[in-house]
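Just one chain follows, in the form predicted on its own, and it is written as structure tokens.
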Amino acid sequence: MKKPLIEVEGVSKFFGDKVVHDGIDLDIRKGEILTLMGGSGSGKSVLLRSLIGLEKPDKGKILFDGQDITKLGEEQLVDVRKRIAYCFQYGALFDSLTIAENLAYPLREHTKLTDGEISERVHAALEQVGLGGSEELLPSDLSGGMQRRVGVARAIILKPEVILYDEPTTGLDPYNTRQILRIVLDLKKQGVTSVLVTHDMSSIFAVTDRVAFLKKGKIAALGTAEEIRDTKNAELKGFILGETM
């Protein structure tokens, strides 16, 4: 088996007296779709943010391509964040910028592409998420689901190796949910690694390769989508059924 792209080793995180992570170990393989599942407050989003340096563990290491990102400062993390993109739950678009300007922003900040090359990259990203022709619109002109897809387009604009999704389908109608899942699967075909945080059980079993179930600061279960769905573990089964009822 190939060396994991991301290795979480003995990670612990505390907020005051609250233990969020208690010695978590987790490997993320290149090209897979991994879902972080767990109840509210189980530390899924904190772990997701830790994978890009937005949170710092109190103990342990997070290795990305062999480099411990927990030791890096903000300037050093810039290079990591070109390779790992974070897709915020509600898109986190700049309201005063057009869709094209929102997508062009990271390109202007982190590349030396010409205006023409930037326009081509923006157009291609919007086409990939099914929103070609929306370049001159403002975020307020789009539905919530369309804004979420623009957020994905911005996440892929730098052609990252890894994309982290925080609740990508929460609150979306079935059409936009299918569009988001289609994009995740299309990116997998291109070799992109994806990590999702979600409560949407249908999304988990539709796209994911493996599921990590967080409970009480630990990885309580880890397996393929089929193994998790067919689990005999009563506690995990109850959680899944409770989420899908």
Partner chain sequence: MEKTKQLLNHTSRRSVSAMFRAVESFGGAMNLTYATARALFKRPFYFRLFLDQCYQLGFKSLSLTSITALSTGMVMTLQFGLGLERFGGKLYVPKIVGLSILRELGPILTCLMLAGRVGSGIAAEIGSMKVTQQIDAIRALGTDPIKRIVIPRVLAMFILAPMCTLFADIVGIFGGIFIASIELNIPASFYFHEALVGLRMVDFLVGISKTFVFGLIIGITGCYFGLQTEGGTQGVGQSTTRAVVTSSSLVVIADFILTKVWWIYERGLQ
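These numbers were taken from a predicted model, which means no experiment stands behind them. Positions refer to the first chain, counted from 1.
What follows is about the form predicted together with its partner chain, which we do not show.
- A single residue from the set 57, 31, 38, 53 has any heavy atom within 4.5 angstroms of its partner chain in the model of the complex; that residue is 53.
- Checked against its partner chain in the model of the complex, the residues 78, 113, 124, 137 give one hit for a heavy atom within 4.5 Å, which is 78.
- The shortest heavy atom separation between residue 129 and its partner chain in the model of the complex exceeds 4.5 Å.
- Put simply, residue 89 is close to its partner chain in the model of the complex: some heavy atom of it is within 4.5 Å.
- Contact check for residue 149: no non-hydrogen atom falls within 4.5 Å of its partner chain in the model of the complex.
- Although the partner is absent here, residue 99 lies well away from its partner chain in the model of the complex, with no heavy atom inside 4.5 Å.
- Across the options 141-149, 116-124, 170-178, 101-109, residues that bring heavy atoms within 4.5 Å of its partner chain in the model of the complex belong to 101-109.
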